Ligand code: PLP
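Okay, so here's just one chain, in structure tokens, the form predicted on its own.
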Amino acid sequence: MNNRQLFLRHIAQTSPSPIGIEMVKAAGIHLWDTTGKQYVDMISGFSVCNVGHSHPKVVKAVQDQAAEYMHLIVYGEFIESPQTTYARLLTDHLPSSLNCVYFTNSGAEATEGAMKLAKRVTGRSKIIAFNYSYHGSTQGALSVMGDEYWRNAFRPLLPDIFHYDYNSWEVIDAIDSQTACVILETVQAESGIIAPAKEWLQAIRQKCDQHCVLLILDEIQAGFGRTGSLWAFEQFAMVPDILLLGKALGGGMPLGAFISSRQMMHTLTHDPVLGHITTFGGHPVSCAAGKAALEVLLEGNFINEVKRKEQILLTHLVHPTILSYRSSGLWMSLQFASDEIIRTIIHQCIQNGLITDWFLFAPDRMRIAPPLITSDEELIKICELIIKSIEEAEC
């Protein structure tokens, strides 16, 4: 039995028709399959590999930490330097109110922990979320997901969740003294890259302050330079009460986090004790990898180049079949006439050595989110191959 047969028989499938390419190597912006064919990863493993695949410094950090120790007791009794030094590095680059890190296994678990923290701090249960938002697929995260197609099959979900349109001013009036938290993506990802109006986001912050409501910003995809600043919220002159991180946080290893103030985080230590626990969250090897990846990002000039590289994509991705563009840094969606057309184009991109995808709530849009280390020349080549794929798909 070959690996494809084993994959289809023994690995739980999440779609009727997986891409099904057997990859054997990844480095930088490239992937290779069993035949030796090279692909460009245009989506960075869904914004995980912002500094590329298998960066030498990240690989060395993993190897060094694995040689020292791997799993001990992650949450409970032991002080582990990979956790403490990474938490220090993160908080050194965050506003002073975001000074305490709770590491999790994934972004979805960070969402779960943040929702619990908001309820614990405020003593309230009402949560405001947004249509076409994505915060993970666990039941709590699914409850705040903004699309009934994905929610309906798993009801009943959490009560007291209210959804509003992103960028709609109606939500401002809905934030009241019964609200525990407002949770939103700083830039909506799966709706096809939608940024908020600055005044709208600031108005939410102000209304939350008036009613002692916690504002949770999800930067699981938007964080770590993807939008042109280390944290997307820096571009909106406001600060959340809780920040959600994941994806690029682990440098390619599984890791998530919710970050808040030490004072609020302390509420999880009593009444009940062990108010939030995890067996593997903040695993030392993952923390070592994530810290190394963040250091690479900070030491290079990658974030400062994001906005300029965004313009390269906008300049070279010109074709009459592309109906509209939305972008936020090196994060873009291209709209086509239908989801059927986009599936054909994506298939052709893969044939031409480009890995891309669509969006959960915008299946008529192509996802472009290459590693931030991608050079100008590589970006231009990517654009040329996309245009080539579009034209071939039309034949």
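Note that the structure is predicted; figures quoted are calculated from it, not measured. Sequential numbering from 1, following the sequence displayed.
This protein has a second form, the form predicted in complex with the named molecule, left out of what is shown; the following refers to that one.
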| item | value |
| --- | --- |
| is_contact(R226, the named molecule) in the predicted bound form, heavy atom dist at most 4.5 Å | no |
| Partner proximity in the predicted bound form: Q221 to the named molecule, non-hydrogen atom cutoff 4.5 Å | yes |
| Interface membership of E185, the named molecule in the predicted bound form, 4.5 Å heavy atom rule | yes |
| Contact test in the predicted bound form: Q235 vs the named molecule, heavy atoms, 4.5 Å | no |
| Which of 90-98, 293-301, 264-272, 132-140 lines the interface with the named molecule in the predicted bound form (heavy atom within 4.5 Å) | 132-140 |
| Option touching the named molecule, based on a heavy atom within 4.5 Å in the predicted bound form, out of G252, P240, G282, G107 | G107 |
| Within 240-262, the residues that have a heavy atom no more than 4.5 Å from the named molecule in the predicted bound form | K247 |
